[in-house]
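What follows is a single chain, given as structure tokens, in the form predicted alone.
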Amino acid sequence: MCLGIPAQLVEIVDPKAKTAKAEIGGVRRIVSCALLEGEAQVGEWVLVHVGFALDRIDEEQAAETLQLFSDMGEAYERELAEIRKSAEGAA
């Protein structure tokens, strides 16, 4: 089983390569949108797993999922710390 984390697309980086910048927990990462049907759009919410946007979700679904993660407390905070750490290494 995989876990997709809600992220909002904030910039289309390369439309031809289907890459976009997504914000996850305050961290911006480049993700592949190649698995999404159609063109990715700034402002869309997607589920991201290992650098791939797997599916589109609406803002309400994203908020509910992020709240559930937040309710997990320390485990979620550790995951966010890992995301931040990996983003710093990629910069």
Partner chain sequence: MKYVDEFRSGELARALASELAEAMPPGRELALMEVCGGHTHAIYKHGLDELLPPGLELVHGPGCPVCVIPVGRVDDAVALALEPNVIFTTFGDMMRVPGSKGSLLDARSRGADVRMVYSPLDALELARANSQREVIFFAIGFETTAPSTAVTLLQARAQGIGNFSVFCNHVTIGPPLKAILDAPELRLDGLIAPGHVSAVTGSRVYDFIAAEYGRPVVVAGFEPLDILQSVLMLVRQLAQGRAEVENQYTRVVREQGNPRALEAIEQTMELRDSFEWRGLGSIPRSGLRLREEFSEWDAERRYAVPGVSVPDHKVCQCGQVLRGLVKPWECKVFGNACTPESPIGTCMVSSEGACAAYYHYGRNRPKRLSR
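Values in this document were obtained by computation on a predicted structure and should not be read as measured data. Numbering follows the first chain given and starts at 1. Think of the rigid core as the biggest set of C-alphas that the two forms share within 1.5 Å after superposition.
Beyond the structure shown, there is the form predicted together with the partner chain, which is absent from this document and is the topic of what follows.
Novice: Would V42 count as a contact of the partner chain in the model of the complex, using a 4.5 angstroms cut-off between non-hydrogen atoms?
Specialist: Taking the distances in the model of the complex, the answer for V42 is no, it never comes within 4.5 Å of the partner chain.
Novice: Quick one: does L68 come within 4.5 Å of the partner chain in the model of the complex, counting heavy atoms only?
Specialist: L68: contacts the partner chain in the model of the complex.
Novice: Decide whether M72 counts as a contact residue for the partner chain in the model of the complex under a heavy atom distance cut-off of 4.5 Å.
Specialist: M72: yes, in contact with the partner chain in the model of the complex.
Novice: Go through 44 to 81 residue by residue and record those having a heavy atom within 4.5 Å of the partner chain in the model of the complex; state none if no residue qualifies.
Specialist: Stretch hits, in order: W45, L47, V48, H49, V50, G51, F52, L54, D55, R56, I57, D58, E59, Q61, A62, T65, L66, L68, F69, S70, M72, G73, Y76, E79.
Novice: Quick check on D55: with the core superposed, does its CA move 2 angstroms or more between this form and the one not shown?
Specialist: No; D55 is a residue whose C-alpha shifts by less than 2 Å between this form and the one not shown when the cores are overlaid.
Novice: Tell me whether T65 is among the residues that move between this form and the one not shown (Cα shift of 2 angstroms or more, core superposed).
Specialist: Yes; T65 is a residue whose C-alpha shifts (by 2 Å or more) between this form and the one not shown when the cores are overlaid.
Novice: Kindly check if the Cα atom of E77 is displaced 2 angstroms or more between this form and the one not shown relative to the superposed rigid core.
Specialist: Yes, E77 moves 2 Å or more.
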